[in-house]
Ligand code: UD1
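We begin with a single chain expressed as structure tokens, specifically the form predicted on its own.
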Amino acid sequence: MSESPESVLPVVLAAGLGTRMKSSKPKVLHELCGRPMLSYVLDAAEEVGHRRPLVVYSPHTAAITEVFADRADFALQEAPLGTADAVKAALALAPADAGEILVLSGDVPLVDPDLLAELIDLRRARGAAMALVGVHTLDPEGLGRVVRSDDGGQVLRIVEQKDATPDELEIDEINAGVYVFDGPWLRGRIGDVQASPVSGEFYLPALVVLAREDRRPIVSLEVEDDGTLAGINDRAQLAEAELDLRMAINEAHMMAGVTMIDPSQTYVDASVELASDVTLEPNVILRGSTRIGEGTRIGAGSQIIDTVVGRNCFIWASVLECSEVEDEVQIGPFSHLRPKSSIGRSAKLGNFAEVKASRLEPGVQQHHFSYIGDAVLGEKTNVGAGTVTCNYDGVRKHKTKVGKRVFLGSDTMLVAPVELGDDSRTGAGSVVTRDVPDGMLAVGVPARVRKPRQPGDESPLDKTQ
């Protein structure tokens, strides 16, 4: 290419009202596989050029300026007066040395960066005023048709369906709304676009006629409809695009060494990282910044959100949120890690075990029916069924600290703030309201602390016999 990628200024049109979404949220902020659809368009724009994208927004879509403040600059289109008016608003803020203007739609998230690079190369090779993409489709209903010369070579104009003749309605090539313009030419001609007599709006395809008047080449790429250039206008189309993207994400992971028992029932966000030899069973949902280590199996019915899971773990029918899990941990079924939980190596959590904002050191056993909140449990501590850390007094949260090799009897209540020393124990049903020293036993309601019986010690029952 004779020009560098830095000469390309990506302009992304995102000012549309999106009324068919029937949502208070801007259309381009609706998510596909965990990311706003506009994210994918910006990804593609950044891949073909190094200039910061310029996004055109409207008062209705102003929320995008906060979401993408670190990725783009913004131009305001005050009123919805069409695509040419939107580009005109962008040019008013565009760098003067931008030699080429790449125009994309914010609601076409699956656009292929390789296609954009090819379109840029084509325009440069021909010295064209503009380059566009034409899509051959089986269903052109409602879309602008690309009208060519009799030999099928030159683009003569683009006609909207409502303005098309019966012969033009038979054309199966539609305008994809993806353009690359010669920057200086576009600046000189954008003000000459006339408003549509029907809608009163100013449309970019009118530039085709202006380029022909200037005897400047107009070039096009003709592609078959594979869905990657489809715009999203309603929730049904959003779901269809999500399915296409999810299948692509799943296939990429499987090619990299991940086993998916049933990819059609496996939901992995675009931002999730999976190591080789991870196995995902059906009905698994992985969201956000989740990372799964090598050899780990995620069992059916699990949902993991913004959580790091180590190597050779087994997570089964459980929910993990904003937490970390070290290697060789077993969790589930029906366990719940709430945010800020940390589970040490080789720990085990079983049926209906809940952990919140706590650290379980390596080897902790919390097999069933228990709640650990705002606590630290030392290595190889055993949590009996029904154990609860009573961490909230109605006003403040309090901490519980449990030492190493502690045995918590069934139905133990640990009333925070409280600390249990290494090798201490609690009896079944105990309500522990004060600290328990190393090696001591707490029993009763409220619990009394005493030295535990040793093998061979006389039982109080023995004295009655």
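Residue numbers run from 1 along the displayed sequence. Everything numeric here is computed off the predicted structure, so don't read it as measured data.
What comes next is about the form predicted in complex with the ligand, which is not displayed.
Looking at Ala317, Val308, Leu122, Leu81 here, can you tell me which has any non-hydrogen atom within 4.5 angstroms of the ligand in the predicted bound form? Going through each option in turn, the one that passes is Leu81.
I need to confirm a contact call. Of Leu280, Ala176, Val325, Leu360, which residue comes within 4.5 Å of the ligand in the predicted bound form, counting heavy atoms only? None of the others qualify; the residue that does is Ala176.
Exactly one stretch in 289-297, 106-114, 338-346, 249-257 has heavy atoms within 4.5 Å of the ligand in the predicted bound form; which is it? Looking at the partner contacts, the answer comes out as 106-114.
Has each of Ala129, Gly134 and Leu207 got a heavy atom lying within 4.5 angstroms of the ligand in the predicted bound form? Per the other structure, none of Ala129, Gly134 and Leu207 touch the ligand.
At the 4.5 Å heavy atom threshold, is Arg20 in contact with the ligand in the predicted bound form? Residue-level check for Arg20: yes, a contact with the ligand.
With a cut-off of 4.5 Å between heavy atoms, is Ala90 one of the residues that contacts the ligand in the predicted bound form? Ala90: no contact with the ligand in the predicted bound form.
Contact with the ligand in the predicted bound form for Ala241, defined as at least one heavy atom pair within 4.5 Å: yes or no? So Ala241 does not count as contacting the ligand.
Any chance Gln77 has a heavy atom within 4.5 Å of the ligand in the predicted bound form? Gln77: contacts the ligand in the predicted bound form.
For a quick check, can you give me the residues of 8-39 that have a heavy atom within 4.5 Å of the ligand in the predicted bound form? Counting only heavy atoms within 4.5 Å of the ligand in the predicted bound form, the contacting residues of 8-39 are Leu13, Ala14, Ala15, Gly16, Arg20, Lys27.
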